[in-house]
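Take a look at this single chain, the form predicted alone, given in structure tokens.
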């Protein structure tokens, strides 16, 4: 399948620390790719390089290429904010904007871009896309922070979906949730990949095996192995991958 996102010889630094080392990885369109590996292995840093968030950290820098639909997102003519409209992101901890209603949380990105047309319709579509509409349709004026943790995370997903990005990044989106909420977000991820390409960092290998089409294993900033999840979790090619997924380290 033709890749929608492709990293080529990507390197990321925090001042002098080399966090991501020469990673090349292609993500097929409308698929879910999981990034796994022990803490500090570079997977979240790699994820943030895919929508130019890494460069927001003082003294951080990126070398190499990231292509979206064949075009470089690091083109100097491109506004990083515009890149992030096409490559959305959902973080580890749900972060609905305080002081804003459920509806306002969903459409805030549209307002910031000056696009105020059909906001009711866009909000409904985004909330349906995040499997939240039926739970909140009668209380859209209530604060986003009044929702449960799992609902707040799906609200943040709706907020990202409202911008209609072809790619959505998720950095451990269920690590702060209870098992029931985690299951709902996993079901949502499986549903979303029919229309959006997902790249998800997770420490939960069972989750990666359940929801992803392909999995990338990172170790000490390097991409050790990248394959179909059914293959990587059953017959990994690299001994380090096998040691990690069988719990011998990490």
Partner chain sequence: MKAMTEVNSVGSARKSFDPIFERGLKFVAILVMSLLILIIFFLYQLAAPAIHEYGWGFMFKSDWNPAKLIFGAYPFIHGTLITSLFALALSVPVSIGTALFLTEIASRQVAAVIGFLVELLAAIPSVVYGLWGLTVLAPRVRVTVQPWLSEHLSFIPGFSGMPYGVGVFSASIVLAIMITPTITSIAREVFRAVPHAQREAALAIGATHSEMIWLSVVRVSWSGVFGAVVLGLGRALGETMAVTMLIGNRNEVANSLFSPAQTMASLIANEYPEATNPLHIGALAYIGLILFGISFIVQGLARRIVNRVANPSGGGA
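Here the structure is a predicted model, which means the values were calculated and not measured. Residue numbers count along the first chain shown, from 1.
Quick note: we don't show the form predicted together with its partner chain, though the next part is all about it.
Partner contact region in the model of the complex: 90 to 98, out of 174 to 182, 90 to 98, 69 to 77, 127 to 135, criterion any non-hydrogen atom within 4.5 Å of its partner chain. Though its partner chain is absent from this view, in the model of the complex it lies within 4.5 Å of a heavy atom of just one residue from 108, 122, 167, 140, which is 108.
When contacts are defined as a non-hydrogen atom within 4.5 Å, all of 48, 85 and 159 contact its partner chain in the model of the complex. None of the heavy atoms of residue 187 is located within 4.5 Å of its partner chain in the model of the complex. Remark: residue 59 counts among the residues lining its partner chain in the model of the complex, judged by a heavy atom distance of 4.5 Å or less. Looking at residue 53, you'd find a heavy atom of it within 4.5 angstroms of its partner chain in the model of the complex.
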